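A single chain comes next, written as structure tokens; it is the form predicted on its own.
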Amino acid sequence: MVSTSTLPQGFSLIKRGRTELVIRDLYKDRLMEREIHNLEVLSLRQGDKAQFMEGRGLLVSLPMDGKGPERMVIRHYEHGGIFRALTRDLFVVGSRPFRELILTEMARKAGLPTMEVLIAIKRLVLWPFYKGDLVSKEIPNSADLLQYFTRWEKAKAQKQLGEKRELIRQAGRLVREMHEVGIYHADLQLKNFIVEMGEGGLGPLHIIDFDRSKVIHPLKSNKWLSNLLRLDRSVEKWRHSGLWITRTDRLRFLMSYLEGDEERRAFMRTYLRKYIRRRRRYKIGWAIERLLYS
């Protein structure tokens, strides 16, 4: 159970039977009118307006209300890895949605561009088991970096090539800023970077999905390394599926991450050695994953 003393500023705790919600005050009246505490009913009512998105767990985009173009994204928590086949969306004790909301708000206050969480929901099934959801405001006209890069071909125009390179530099700077404020991301991968795409070009890059992430002060080099290797594993996995990310692109990201920081430069050789060793193990893990879930 979440305590009102630990709620971020601007949020309230609401209870409806076996369901607990931590909801942003600015949107509370609008969303409670729509019975946001009962997502299954809401999704059925809005089925014709729902948009389904790829991500970790089920992502559903729905209109926030009938008064404007704003939409919200509902992420239903599911286990990853081997537990996905066993327990699906049941969790034991704890409050993962509430912890992610609190950490995301900490990131926002530190100036990191990320999603605006509207509600965290925890539904008790049968003690100690619960299910959880996180509802955030949708970033309009956006795509994650995996979606963005899979659109590329080597024959693209020079302007688009410049956009790609600038995105990679932004990603390097954003990860460095995240580490500087002490956040260790538990699932740093291409799908968790979101870029806005307007008519005038690309907008800012956002980092999302702080589920199971931690705040550590100071965040030491072994944690930097762990995050970078996790991100590189994501890139390597999709490169084998045709993603156009070159060795030069990876170096460009790393140099942006290291820019102006001699301490980080000192561990660059360690990073490169561990990357070479771990790359050999990636293929084994992917083969097992395909065997279990294909």
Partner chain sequence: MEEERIYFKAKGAKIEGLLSLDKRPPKGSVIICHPHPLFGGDMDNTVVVAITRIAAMWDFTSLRFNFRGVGESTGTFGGGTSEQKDVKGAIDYLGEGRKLPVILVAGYSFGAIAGLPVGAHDERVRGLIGVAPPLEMFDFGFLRNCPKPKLFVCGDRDTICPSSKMEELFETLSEPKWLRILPGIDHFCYDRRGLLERVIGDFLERIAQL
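Values in this document were obtained by computation on a predicted structure and should not be read as measured data. Residue numbers count along the first chain shown, from 1.
Keep in mind the form predicted together with the partner chain is missing from the figure; the text below concerns it.
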{"property": "Partner proximity in the model of the complex: Gly111 to the partner chain, non-hydrogen atom cutoff 4.5 Å", "result": "yes"}
{"property": "4.5 angstroms heavy atom contact with the partner chain in the model of the complex for Glu180", "result": "yes"}
{"property": "Contact label in the model of the complex: Glu259 to the partner chain, heavy atom within 4.5 Å", "result": "yes"}
{"property": "Non-hydrogen atom contact Met106 with the partner chain in the model of the complex at 4.5 angstroms", "result": "yes"}
{"property": "Partner-proximal stretch of 135-143, 69-77, 192-200, 169-177 relative to the partner chain in the model of the complex, 4.5 angstroms, heavy atom", "result": "169-177"}
{"property": "Sequence-ordered residues of 211-233 touching the partner chain in the model of the complex, heavy atom within 4.5 Å", "result": "His217"}
